[in-house]
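Given next, in structure tokens, is a single chain: the form predicted alone.
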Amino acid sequence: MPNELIQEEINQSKIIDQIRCLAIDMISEAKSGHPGIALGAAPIVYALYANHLRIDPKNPNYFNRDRFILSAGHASALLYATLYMAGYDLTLDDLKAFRQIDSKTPGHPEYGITPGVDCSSGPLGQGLATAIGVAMAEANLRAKYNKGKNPLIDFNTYVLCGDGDLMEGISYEAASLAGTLKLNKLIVLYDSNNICLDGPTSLTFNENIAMRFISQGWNVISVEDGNSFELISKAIEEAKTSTEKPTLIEIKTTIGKYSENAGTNKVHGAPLSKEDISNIKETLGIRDIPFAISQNTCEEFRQIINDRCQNLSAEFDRKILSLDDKTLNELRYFMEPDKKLQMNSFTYDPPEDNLEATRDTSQKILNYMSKLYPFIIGGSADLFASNKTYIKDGCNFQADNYLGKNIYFGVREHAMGAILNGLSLCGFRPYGSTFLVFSDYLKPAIRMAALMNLQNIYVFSHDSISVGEDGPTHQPVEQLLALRSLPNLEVFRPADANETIGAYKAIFAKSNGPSVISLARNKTKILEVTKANEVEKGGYILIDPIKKADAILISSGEELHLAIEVANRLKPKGIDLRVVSMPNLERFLKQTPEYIEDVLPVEIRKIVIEASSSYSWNKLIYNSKYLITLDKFGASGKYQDVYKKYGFDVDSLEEKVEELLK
């Protein structure tokens, strides 16, 4: 073997060992972290960064870069050490501040905090499923913008996952869809060490992972020696040649390699002893000084990356500047992190009978906006016909047509939520839809979207016990509360077509954060008193008596129509009621104190009418007797009968309100 090749191998091994030791030093300094994967998987991450990832550490967000998602987010110390060594904007002081308040190196990777982190991760399986969304985004953009032999968009999506990721059900959902869609530029690196936090995976996880992925339409490549960066690199090179399938590379590693507890769960999630760290460093030939760095080793790693990637971002910039103005402006929309969209020109044609379900109005708006903006894309978890979210003439996103706007997620709500995150990370304004009650199935992914400040839209229909015959399994009660309580997530519950228009205007005009629009299945009257432009305030006065109101009825969605009827019935009895529409509770609570007082004066009694959890309203109503809400499960029957059973028919509401005001 030539001497220069021997020297190259020695140097690359030294870089890997330097990364290992930096990572365990970070964990030791923080007195917290996961050293096992840092020691065992360092050759995987090194091989990827040194030989394959097309990146620019000086311009980490350039659009056509390869994406790397650390689904095994507990390996954050390994990632940060690698990013530092690779030349990203991190210092040794940043590494020393690992897991400390307001540092650039938080306990699990956070998008927007650390340069080079393409996705927040932590809950296992989320990163893998999000990567499917990233790969779908690349496929769509590649089909849209690549003309001739000089491709504009052509990035790969890489994932590092572990046994825990593949135990999570979301990984099965997402991998199944990825195989169906033939996302060949998706490559998953599986750190297969047969250990989880509680012990050996044989306790809980015995299936043949290779056969599982093969059955789902994936390539599978095996690497038996996970300490060999050469074999890992060769496998990645092979994976990149796939033309019709995503690839899983199963890499057999030893958790906690070189530690006294190597190969056991003891090394998974606790700092190593000082003696163990010293022994590891002695074995690897690294100085036994915390955060000691060989500058030559660091520069060598950066040079390897620079030799391969130095012109990538500049070349991409040259390519986009050669585009025609229309295409350039369109593409720039994808590259802007915060998009404010206008739908002021939307013209609404009400049906002749003046009755329309808000889910039907929603479909008209989505169809209109999708024609204006190429980055609006979305779908349903097998409920297109019910959610009314299909884009007519938008074609279907499928393996033979990545240009389609309609994504058939199948019955995979959780994967849908994470895939939306991946699409959003690549500049799309995606939406996903299902019944409101099934929002529970994608809640963890919604939480990740809120953490990452992504501009997803969740279209949840069938949002009340008025679903009726399907019964309590399909009738949401606590879901609005769960969504309203989630930080950085806005929840709109419009009462009719006018408010649905107003809700979408407010959602599209937002520059950050995800939104829910909660829609009714049943047709409701399009009211003359509702105002689209008032929805952006969260709540507003709908009906007001000439003299001072005896009380204020507050409601949203379908129940607002009931509140109006109650007010009309009680007026001849000498009870004058103000009716306030509250399509977005949290947005209303963020208005000025003067506006809140004007809408809900302190001295006037207030009564909430909403067929969902009472806990949503505790910031407004302090006496529970004024909450006409629902804190029990629904029942199967015609929706009028269900309403009557739980006191939400007009007769019962009239009686209850009148009794409260005596």
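The structure displayed is predicted, hence computed values, not measured ones. Residue positions are given as counts along the sequence shown, with the first one as 1.
Not on display, but discussed next: the form predicted together with another copy of the chain.
Colleague: Since exactly one of Gln455, Ser259, Thr253, Gln479 fits, which has a heavy atom within 4.5 Å of another copy of the chain in the model of the complex?
Modeller: Among Gln455, Ser259, Thr253, Gln479, a heavy atom within 4.5 Å of another copy of the chain in the model of the complex occurs only for Gln479.
Colleague: Using heavy atoms only and a 4.5 Å cut-off, determine which of Leu585, Leu248, Leu83, Ile507 is in contact with another copy of the chain in the model of the complex.
Modeller: Among Leu585, Leu248, Leu83, Ile507, a heavy atom within 4.5 Å of another copy of the chain in the model of the complex occurs only for Leu585.
Colleague: Taking the shortest heavy atom distance, is Ile101 within 4.5 Å of another copy of the chain in the model of the complex?
Modeller: Heavy-atom contact with another copy of the chain at 4.5 Å: present for Ile101.
Colleague: Give a yes or no for Leu355: in the model of the complex, does one of its heavy atoms lie within 4.5 Å of a heavy atom belonging to another copy of the chain?
Modeller: Contact with another copy of the chain, no.
Colleague: Using heavy atoms and a 4.5 Å limit, would one call His414 a contact residue for another copy of the chain in the model of the complex?
Modeller: Residue-level check for His414: yes, a contact with another copy of the chain.
Colleague: Is Lys58 one of the residues lying within 4.5 Å of another copy of the chain in the model of the complex, judged by heavy atom distances?
Modeller: Lys58: no, not in contact with another copy of the chain in the model of the complex.
Colleague: Looking at 35-43, 64-72, 50-58, 608-616, which lies within 4.5 angstroms of another copy of the chain in the model of the complex, counting heavy atoms?
Modeller: Within 4.5 Å of the partner lies stretch 608-616.
Colleague: Is another copy of the chain in the model of the complex near all of Asp440, Arg484 and Asp641, within 4.5 Å of a heavy atom of each?
Modeller: Yes, the whole trio is in contact, each within 4.5 Å by some heavy atom.
Colleague: Any residue of 598-637 with a heavy atom within 4.5 Å of another copy of the chain in the model of the complex counts; write them all down in order.
Modeller: Contacting residues: Ser613, Ser614, Tyr615, Ser616, Asn618, Lys619, Leu620, Ile621, Tyr622, Ser624, Asp631, Lys632, Phe633, Ala635, Ser636, Gly637.
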